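Below sits a lone chain in structure tokens, taken as the form predicted on its own.
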Amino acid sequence: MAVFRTTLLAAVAALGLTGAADAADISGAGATFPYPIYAKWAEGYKAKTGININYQSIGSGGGIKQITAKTVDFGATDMPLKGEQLAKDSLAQWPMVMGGVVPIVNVAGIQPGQLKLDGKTLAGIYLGKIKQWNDPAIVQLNPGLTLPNKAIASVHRSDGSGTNFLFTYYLSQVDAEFKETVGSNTSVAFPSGLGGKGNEGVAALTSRTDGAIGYVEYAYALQNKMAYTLLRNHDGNFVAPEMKSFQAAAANANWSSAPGFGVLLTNQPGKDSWPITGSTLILMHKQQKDPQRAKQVLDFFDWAYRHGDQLAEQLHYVPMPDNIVGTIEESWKHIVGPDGKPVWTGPGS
């Protein structure tokens, strides 16, 4: 944990990712879910162009607020905005990469991928109904695995976040009581447990709390060598969080079925599908006062699509398919300057 945090903080210091933006820099804020890949892309883009990407990893809720208030050049969210909100605030929305939200545990003797859970059991834990690690509901899913008579300490996000939304949306899909009593949103009132800020905070709190369970974006679980769980998916198979299971969840997505490409990938059918898969999205205003600055922002995202796939895969994100990228970039023509002309018409435009 400490090594990864030190590396990230060094990247922050070097790239200016959380500092105040210089006039020539690109500023963004929002989801913590994509922070590791945005940091890597920012490093590569700065080396190529000299342009800094000042990205504040403050959670999806904060990103939506900041882009709505026009205090940043772009916002980032893991909870797709609905068509009416996009229209109200005249916002464009599109996905950059896909990934997964992963339950993590800190239970003595339990190794990564060893513990099996399903959605209803996970919901029971976060409702405070399943209180011990040797509860019959968990034991039944894990024959042959010795589980301790130890209290479960559930850890959740304390800030508004897309990770929260994906996690609670999934639990609401699979458990009626969770949907009724907690519901799904970027910020919800969990009936019990400990709160940590950001993926970083949940990972840190889970790692230092004996008997804890939390949920984080997969890159955080992997980089911090945390014990992630398997999950039973829509088709009844226990699957591990990995590239192929994220890709399986997205395989049949109809990206044109929702405004702003806001497709939800949780609890998708398919024998290999990871049940808490989601895309992380960018938000920009369709009406831009400074066309050149807006073009610089879109140049960065175009560069990330064209040159960032390998970096994304190294951090266990799923790149967007090329055919979808073409459709996304075509939609950028609706982002216009004061003269009504598109600020970006293609690479090198």
Partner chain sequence: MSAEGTALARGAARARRGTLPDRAFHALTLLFALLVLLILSGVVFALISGALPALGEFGFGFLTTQAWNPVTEKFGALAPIYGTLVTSAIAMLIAIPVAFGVALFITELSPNWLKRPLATMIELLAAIPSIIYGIWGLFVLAPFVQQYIQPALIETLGQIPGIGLLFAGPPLGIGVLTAGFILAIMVLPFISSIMREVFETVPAVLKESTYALGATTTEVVWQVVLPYTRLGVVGGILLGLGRALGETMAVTFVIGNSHRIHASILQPGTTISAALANEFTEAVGDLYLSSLIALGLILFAITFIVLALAKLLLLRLDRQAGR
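Positions refer to the first chain, counted from 1. Keep in mind it's a predicted model, so treat the numbers as computed, not measured.
There is also a form predicted together with the partner chain; it is not shown, and the following applies to it.
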item	value
The single option of Thr186, Ser273, Gln93, Thr266 touching the partner chain in the predicted complex, heavy atom within 4.5 Å	Thr186
Heavy atom within 4.5 Å of the partner chain in the predicted complex - residue from Ala304, Ala39, Met284, Ile58	Ile58
Three-residue site Ser158, Ala204 and Asp210 fully in contact with the partner chain in the predicted complex at 4.5 Å by heavy atom	yes
Segment assignment from 304-312, 41-49, 287-295, 59-67: heavy atom within 4.5 Å of the partner chain in the predicted complex	59-67
Heavy atom of Phe190 within 4.5 Å of the partner chain in the predicted complex	yes
Touches the partner chain in the predicted complex: Lys129 (any heavy atom, 4.5 Å)	no
The partner chain contact in the predicted complex: Gly109, any heavy atom under 4.5 Å	no
is_contact(Ala151, the partner chain) in the predicted complex, heavy atom dist at most 4.5 Å	yes
Sequence-ordered residues of 283-319 touching the partner chain in the predicted complex, heavy atom within 4.5 Å	none
